[in-house]
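Take a look at this single chain in structure tokens; it is the form predicted alone.
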């Protein structure tokens, strides 16, 4: 272990690590010794010389070290296999028999920072977001093949985070059979076709699965407006839940074509479903107020902290229009997937929208990540999905 590169922190900068946080920022480093090539595994010490743990270095990144363990141990294939088994045990307990689409490894939330693995039936889609994980690609491919025995493993490391790590974007087949244009999945008896090669994220919004199902449970006999619907996940659940009519809005023609396919796949062809292509903000302003349920699931408006003021105005406008469109006792399912939008601010925005809409509103519950998107409690940055279910009087 003594041959490993070594980073020594400035005095006092060890506190986040001692509390379990997995990141060390470059400004906290006093000195670095040894081979610090991107992705190298090495040790980190406090300014007083105390051992703090082992992680993956990247001198090109603002996050210069991502912690993997607080103990002196060998980080070999067996180490990462234990992390994989720990992650899989959680999914096996929480999702068996409910869905064959889920996040198998959720980066920092599963103590494997920079690694995302999504499962779509017998196809795995993987993202190596950091230099450290990219360097371990061969180890993880071997582990995933042995554990899941998939037909295919497809890489979707075509994300901006790679640039921040000094890495080029990458995508393509890594193992097994060529991936078809769409992979069929099932969750709570709803069927979908996922484009893992070109679809949003790794092909589907797995993080909304339980929230989609919660909509299904209250949709019987309701008229529903599904804004920013993408491929219609919420609407399919609503349709199978007995909705009487659904209107869907999205700006993408390809997404709406996929919606049509999903309605046919789930034998919902007779359900009145009206697809509207256009900007969600503009379309909502043109509609009349006669909906029992409105779903707001927009893309992230605040990818950087500096974007928060504009994002706040956008979220308020959407929620204001939603309250205007709801019938008395109507339900609003409203979400934010912006990392920098905390719970307190999001709730204040929705409250402000309710005041301006002159609606008395009850908060029925908060919604967030499902069980396959765990968040390390010492890494609050891992939480990004925030949702509220409101009843408008």
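Residue numbers count along the first chain shown, from 1. From a predicted model like this one, the values you see are computed outputs, not experimental measurements.
From this point on, the text means the form predicted together with a small molecule, which you will not see here.
Note that among 167-175, 198-206, 303-311, 88-96, the stretch whose heavy atoms approach the small molecule to within 4.5 Å in the predicted bound form is 198-206. Relative to the small molecule in the predicted bound form, residues 38, 56 and 140 are all farther than 4.5 Å at every heavy atom. Taking the partner from elsewhere, residue 252 is found to have a heavy atom lying within 4.5 Å of the small molecule in the predicted bound form. At the 4.5 Å threshold, heavy atoms of residue 247 stay clear of the small molecule in the predicted bound form, well away from it.
Residue 291 falls outside the set of residues with a heavy atom inside 4.5 Å of the small molecule in the predicted bound form. The small molecule is not drawn, but in the predicted bound form it has no heavy atom within 4.5 Å of residue 120.
This chain lacks the partner; the member of 222, 162, 212, 156 within 4.5 angstroms of the small molecule in the predicted bound form by a non-hydrogen atom is 212. Though the small molecule is absent from this view, in the predicted bound form it lies within 4.5 Å of a heavy atom of just one residue from 181, 189, 279, 76, which is 279.
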